[in-house]
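First, one chain by itself in structure tokens, the form predicted alone.
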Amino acid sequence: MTAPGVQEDVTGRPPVVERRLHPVTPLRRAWAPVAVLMGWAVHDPDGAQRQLTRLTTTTLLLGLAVLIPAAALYGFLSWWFTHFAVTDSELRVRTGLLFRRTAHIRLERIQAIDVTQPLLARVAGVAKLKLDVIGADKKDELAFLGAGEARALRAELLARAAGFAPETAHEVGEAPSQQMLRVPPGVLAVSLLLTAATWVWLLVAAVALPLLWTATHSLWTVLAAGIPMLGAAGASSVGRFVAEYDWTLGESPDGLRIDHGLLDRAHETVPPGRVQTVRLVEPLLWRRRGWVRVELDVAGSSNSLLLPVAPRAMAESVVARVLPGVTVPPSEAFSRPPRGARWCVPVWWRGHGLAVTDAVFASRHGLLRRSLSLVPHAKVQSVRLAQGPWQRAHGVADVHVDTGANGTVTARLRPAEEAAALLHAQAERSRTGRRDALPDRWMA
């Protein structure tokens, strides 16, 4: 006989202990029936309004008396029938009220584990784990756990993924972290004010909404057009400020750690060796201050931002940590397309450039918003040459480099002979780079 929540192991190994989520979880899941009703109301607002007008006060109260206990019961039962357990080789999650589902997440396929705390979760002292797993389209998650339990479980899973024995993994604890950079809120606010996207949307709204009012004299038409425009302006300014507030970057044995968020706090990890591409983005209004934004493509992970804003020198030093052995090529190292390329891409051809070093394939594009993409040779999965009829007529071609994060970096408008030579040379560099690359391991 085994105790409840304990699965007996016939192989003689210690039994697997199943655990439940935090008791506050039913409050989160109780919203599911309410969300269904709200979805129906949004999908058919006229029908919902007709149904509401037919309801008397007594009927409405009776409906609420049934809905609230039903939602509470659903939340409790869904929590009660959800268990998770950590075995020698996997994280096992059992869910399902009517239809049972068991997810087996292999520990060696875990690439990153993030701890996030939405605002209400911070108040309740709970957090959720988000797991990046190779081959998964979206992050698996455990929501919610006590904040301390979430961090302890994250440390244990990372230790087991790193190869620590199960009996000692829980004693390893969270790897120490050393702060590298913190983005001051004032610098973040100024950088967002100097981002063109916010002002473009405000300018579009200032021009389009009066024209719509003049043409239609319909308040609903103006609101239907204005709300998305103002929402886009807010998302590119206020929304980003809230999400990227107090951005802190630290270094630890299990990768680069990122903490950020004003209302919802997130604790993310960029796993070592999984970064496929690094981009240094330089908006026009940032250049005078020497600021850049650092973005990532990470295999098996949805993390895409390393630094929201930083001085270029600091950003380049961080890139050297993310991609060991890689340095950002100086501006004079980039070669522009030939002048004949101006007939393929007028004006903007000047923004393209290419530099290939012993360690990295670097491609640059953009005049107003410059973007520099860096791909280590070892991360290149395939190389392709593309040449349309108009490009053939002017003797240029594009070279596409595909990475393990389903991303592509393109060297545009290269001379045709150079592109052909680059195709074969890059294939050889990538083969040699993969052969000499160190294995990707946690806590190396």
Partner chain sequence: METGSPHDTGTADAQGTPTPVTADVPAADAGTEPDGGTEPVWRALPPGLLTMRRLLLVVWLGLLTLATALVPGLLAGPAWGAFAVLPLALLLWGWVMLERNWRSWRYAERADDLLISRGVLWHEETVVPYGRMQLVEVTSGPVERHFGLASVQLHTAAAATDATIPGLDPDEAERLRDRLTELGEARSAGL
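Residue numbers count along the first chain shown, from 1. Note that this is a predicted model, so its numbers are computed, not measured.
Here the subject shifts to the form predicted together with the partner chain, a form of this protein not shown in this document.
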Answer option from 355, 299, 205, 93, heavy atom within 4.5 Å of the partner chain in the model of the complex: 299
Can you check whether residue 70 is within 4.5 Å of the partner chain in the model of the complex, heavy atom basis? no
I'd like to check something about residue 382: if you look in the model of the complex, is any of its heavy atoms closer than or equal to 4.5 Å to a heavy atom of the partner chain? yes
May I ask you to check whether residue 54 falls inside a 4.5 Å heavy atom distance of the partner chain in the model of the complex? no
In the model of the complex, does residue 430 have a heavy atom within 4.5 Å of the partner chain? yes
Members of 376-411 lying within 4.5 angstroms of the partner chain, judged by heavy atom, in the model of the complex: 378, 379, 380, 381, 382, 383, 384, 385, 386, 387, 388, 389, 392, 402, 403, 404, 406, 408
